[in-house]
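Single chain ahead, by itself, as structure tokens, in the form predicted on its own.
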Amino acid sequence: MLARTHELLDGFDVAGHPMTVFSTGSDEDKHVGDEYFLNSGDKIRYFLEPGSVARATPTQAAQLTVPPARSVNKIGHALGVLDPVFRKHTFSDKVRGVARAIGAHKDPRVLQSMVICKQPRIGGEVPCHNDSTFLYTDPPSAVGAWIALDECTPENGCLSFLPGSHKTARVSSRFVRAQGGGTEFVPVPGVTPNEEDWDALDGWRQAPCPPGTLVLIHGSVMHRSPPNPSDRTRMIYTFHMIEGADGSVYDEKNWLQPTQEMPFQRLYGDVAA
């Protein structure tokens, strides 16, 4: 998977790219909301690090400040379905065995598969969040599968978790397509937000790990990662699973939508070629 990631990065052609950057800052204005992002659920698309792009001016178009292969924040969001290498691992017997062992879903569906690069010196912070906010189902059911492709260390931006937060965090908001275009956060009706400042709580734990490690992330657990100021990448591959059985609702408000040509794939069923 790491070798394939480098092939994809080396093949990235910036010509014609809309220069869409990706940020997961807490300010909703920093979130991506253009069509390149919103229509990426059945495609392999490249999203850029904010620190790799010199913004357009009245006299000059936006342009990269680093080589194209070093500019990419992530490659997604149907990587695990459309790319043969990532599909092989995403729908492997090992992954299916893990999913059955944890028993979180009756009929798990795979969505939002991507490589996150954490480029050297410009790889940005991922602030405290939980995944069910971004991949909302009723009831919440998201589980992330996060696979280290590089050595992940405190120096290059490894994950941190707040142990036990999945037991107390309420999924009280969701990241959706805004009516006038773009994206926004909206409250989940009937759910009172937590009053905690999660970042300020004691007990955060770093999770350094070697390449090949699979980290399973409960959809409600609070997690984050710092910027990467080092001279080494921190590349990972991740995909998410949600419940696809009757009784679970994934509605049209969510930012990421399946298409008629590519519905969310059943982990235990046939995989689209």
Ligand SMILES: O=C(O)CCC(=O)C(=O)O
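Sequential numbering from 1, following the sequence displayed. Note that the structure is a prediction, hence the values are computed from the model and not measured.
Absent from the display: the form predicted together with the named molecule. The rest refers to it.
This form leaves room for the named molecule: after superposition of the C-alphas round the site, using its pose in the predicted bound form, no atom of it sits within 2.4 Å of a backbone or C-beta atom. A heavy atom within 4.5 Å of the named molecule in the predicted bound form is found for one listed residue only; from 238, 220, 233, 52, this is 238. The partner is absent here, but in the predicted bound form a heavy atom of 126, alone among 126, 72, 149, 99, sits within 4.5 Å of the named molecule. Contact check for residue 77: every heavy atom lies farther than 4.5 Å from the named molecule in the predicted bound form. The closest heavy atom approach of residue 116 to the named molecule in the predicted bound form falls within 4.5 Å. By the criterion of a heavy atom within 4.5 Å, residue 159 is counted among the residues contacting the named molecule in the predicted bound form.
Among heavy atoms of residue 225, some come within 4.5 Å of the named molecule in the predicted bound form. Heavy atoms within 4.5 Å of the named molecule in the predicted bound form are found in one stretch of 90-98, 193-201, 165-173, 127-135, which is 127-135.
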